[in-house]
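Below you will find one chain, with nothing else, as structure tokens; this is the form predicted alone, and questions on how it binds or moves follow later.
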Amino acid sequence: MNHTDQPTRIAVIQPRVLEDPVINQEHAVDLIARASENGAKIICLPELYRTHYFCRVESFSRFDLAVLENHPTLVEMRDLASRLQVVLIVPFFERVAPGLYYNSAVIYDADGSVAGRYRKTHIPDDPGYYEKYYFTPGDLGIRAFNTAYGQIAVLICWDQWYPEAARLAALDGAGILFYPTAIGWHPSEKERYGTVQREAWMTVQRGHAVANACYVAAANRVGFEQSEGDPAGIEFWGTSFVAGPQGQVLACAGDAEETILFADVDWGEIETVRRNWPFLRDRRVDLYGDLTRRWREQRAENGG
């Protein structure tokens, strides 16, 4: 794990996303520049920031939104990272070959080089979130990336519910887990379930921070999005936040307004917390083999 003498300021971008990818790209560049002007050294955009969340419906034509990694918008982000000397986490809908698409993120280091690539590992398939139609499960693994400002990991949205993913990233040396996200309420469910759903989302991620004594930063979008073939739409709940190594919320955005959220990461705090709460020391790795099974069906044989 990288350690620095001074805290590292990070920023998560919480935008309102429009239908026009060109406008969204220009807006993202502006927000990144503003984050840099305020001292941010690692900046994270939300999942699929260039477009409306198109997975609300299954549509053949929406595959046209996918881009190759040398797409001009990604080249622009690479050059921006170099010019501002910041680390940029840039999610995108990746086209690899005809019929092969991923929900991806590229991490540009402060000199514009590629510090790492990640492809979303866990792919949901729920009403309004038909991602299995669009995305192949990620094949690049879960790992930490060395950057100019410390070791970080990137996981994407549905990944944030899985403690196994967070643990693997932390075991590879990540001091900050970034979660680019697109999550919100179905209008018909908000009144009854909205509070519980959002609190569960925050709680599980704060738990990852505690269990791994690391920082967690979630970047979500805001606003109501609806399009043809999607009569209900989704209200994205924002609430982007950064949690510290004991799960404490260091900064949290609202649920309706665009925000650039800042927090300062104290790398030495990770060491301090892990000395006091030595979860990594006390793990019983000799007993965890069944975690590679989908379900432990032989419980009866073992007297369970």
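Since we're looking at a predicted model, the values are computed, not measured. From 1 onward, residues are counted along the sequence shown.
Just so it is clear, the following notes concern the form predicted in complex with another copy of the chain, a form of the same protein that is not shown.
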remark   = Checked 128, 138, 116, 112 for heavy atoms within 4.5 Å of another copy of the chain in the predicted bound form; positive is 138
ask   = Only one of 24-32, 50-58, 271-279, 251-259 gets a heavy atom within 4.5 Å of another copy of the chain in the predicted bound form; which is it?
value = 271-279
request  = Considering only heavy atoms, tell me if residue 246 and another copy of the chain come within 4.5 Å of each other in the predicted bound form.
outcome  = yes
task = Decide whether residue 161 counts as a contact residue for another copy of the chain in the predicted bound form under a heavy atom distance cut-off of 4.5 Å.
result = yes
request  = Find out whether any non-hydrogen atom of residue 173 is located within 4.5 angstroms of another copy of the chain in the predicted bound form, and reply yes or no.
outcome  = yes
inquiry  = Please tell me whether any heavy atom belonging to residue 132 falls inside 4.5 Å of a heavy atom of another copy of the chain, as the geometry stands in the predicted bound form.
reply    = yes
inquiry  = Need the contact residues for 197-233: heavy atom within 4.5 Å of another copy of the chain in the predicted bound form, sequence order, or none if there are none.
reply    = 197, 199, 200, 203, 204, 206, 207, 210, 211
